[in-house]
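Below sits a lone chain in structure tokens, taken as the form predicted alone.
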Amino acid sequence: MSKDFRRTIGVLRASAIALALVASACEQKPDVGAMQRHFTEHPAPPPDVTSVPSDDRIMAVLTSPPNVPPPTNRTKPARVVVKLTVKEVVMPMADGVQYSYWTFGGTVPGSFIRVRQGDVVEFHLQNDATSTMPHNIDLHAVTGPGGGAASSFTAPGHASQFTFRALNPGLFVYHCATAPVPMHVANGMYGLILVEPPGGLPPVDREYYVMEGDFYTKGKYHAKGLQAFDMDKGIEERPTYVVFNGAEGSLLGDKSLKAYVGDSVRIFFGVGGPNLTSSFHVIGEVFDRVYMEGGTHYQENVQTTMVPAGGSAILDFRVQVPGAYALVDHSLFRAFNQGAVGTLKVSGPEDKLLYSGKQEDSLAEKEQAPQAPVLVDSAPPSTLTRDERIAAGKTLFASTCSACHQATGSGLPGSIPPLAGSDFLVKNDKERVIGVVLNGLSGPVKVNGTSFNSVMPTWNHLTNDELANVLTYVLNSWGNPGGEVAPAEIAKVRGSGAI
């Protein structure tokens, strides 16, 4: 056998083995882990933007929370111009509470920015002439010193410009990085910038923009008037408020997020901080996909996702049952005692196979003996009229009480007694009702003929004014007997410790 013939046989044998291996591989499932390791170890190079023409300039669409700009829907990178103005503005933090916010674009969080991977972003930062402080911007999407902070330090009445290339796809926080940095962030100077991958994100029906922040005021929770920033509380990480989108009630009532049964919903969620990590949860929903840390890889079927200060997450889910869904920080005292609660209202037809509602109540309790007569309106004169108390109480109820008692006062079957048409308010005198709100109530109670056995927490951290307002609102809503509660009556019961 000649040397050339043996060489030919060897080549044919090697080719046959290679073909057999290819055929075998085609019959097997791919090694996803190996592929992921490959792409992790050999990442694709950033898109080439050197060919982007200098005159191909696009003005970025900026939106205020909870709104999101539309997808870029571009097949190639472009030069995107972002113009953002720093403004220091006084706005409500809670009912009757004002705060001097430092903002990007006049809102907290700042304007949402949406670009595409590979874009060259021409960033213009203007500091309004009315500002009292210099400001800058650090975008976590920027590859460069200080995330742009070193190039954007801007005095009041001035403007700065710098350019960066959006190399990495993902959802990134931006914030002010002017000293003292924590103070600037604590006053509301943060927002989100989305860098879409070249193919964009999977389409959804609705997109929303929500950020959580912790605020530190000189006055205690719900202390009225214009509140000053408290540096000591910030250093000690003792926030007065923990809220979504800059204020208590920003996502409640008429400001609730909205969807229709069957909609796919995406929440771009971030935490401005400056201190706290959020445990974000939507009560009654499971996130189908969570893009952890705002990156491009997702985890499926997530109940609660942890997002650090200066971090973000992209949350995708589909709504299938109508109703009101509470958005909360699942560090629950923040939700129920510091303001971190919002609502997603879903309208549309019911499907009893997906969720039946209450089908049975087998708990039985002995009838309680009749107690004191109907509430009597004997309130002393007040600085607020009854209608003004009702209006103020409605706002407070939405932010502090509706998560349990529901916006309609209907309560939760088997758990939370209704306030709507409640015979509890008729059977008990006014001082007992006030005492229950101040001191809480634990154990069995019968309301409108139905037995409940749960716990109502104390609400004595609220001021006399606030409790008078919310109780007056309840008394005059949902078919209840009417009347008015005055701050002096709250003070009397608070001093006696009555229940």
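Only the largest set of C-alpha atoms that superpose within 1.5 Å between the two forms is called the rigid core. Throughout, we count residues from 1 along the sequence that is shown. Keep in mind that what you see is a predicted model, and the values were worked out from it rather than measured.
Another form, the form predicted in complex with heme C (HEC), is not on view; read the next lines as being about it.
Open site. Heme C (HEC), superposed from its pose in the model of the complex, has no atom within 2.4 Å of any backbone or C-beta atom of the chain shown. Though heme C (HEC) is absent from this view, in the model of the complex it lies within 4.5 Å of a heavy atom of just one residue from Leu276, Ala149, Cys401, Val346, which is Cys401.
Only one of the listed residues (Leu201, Ala335, Leu384, Leu425) places a non-hydrogen atom within 4.5 angstroms of heme C (HEC) in the model of the complex, and that residue is Leu425. Heavy atoms of Gly234 never reach within 4.5 Å of heme C (HEC) in the model of the complex, leaving it off the interface.
Using a 4.5 Å cutoff between non-hydrogen atoms, Ile58 does not count as a contact of heme C (HEC) in the model of the complex. Though the partner is left out of this view, Leu62 does not reach within 4.5 Å of heme C (HEC) in the model of the complex, counting heavy atoms only. Interface membership of His405, defined by any non-hydrogen atom within 4.5 Å of heme C (HEC) in the model of the complex, is confirmed. Once the rigid core is used as the reference frame, the Cα position of Val61 differs between the shown form and the other one by less than 2 Å. Once the rigid core is overlaid between the shown form and the other one, His140 does not reach a Cα shift of 2 Å, moving by less than that.
When the rigid core is held fixed, the Cα atom of Val80 travels less than 2 angstroms between the shown form and the other one. Between this form and the other one, the CA-CA gap for Ala335 and Val447 narrows by 3 Å or more, being smaller in the model of the complex. Relative to this form, Leu441 and Ala335 separate from one another in the model of the complex, with their C-alpha atoms ending up at least 3 Å farther apart.
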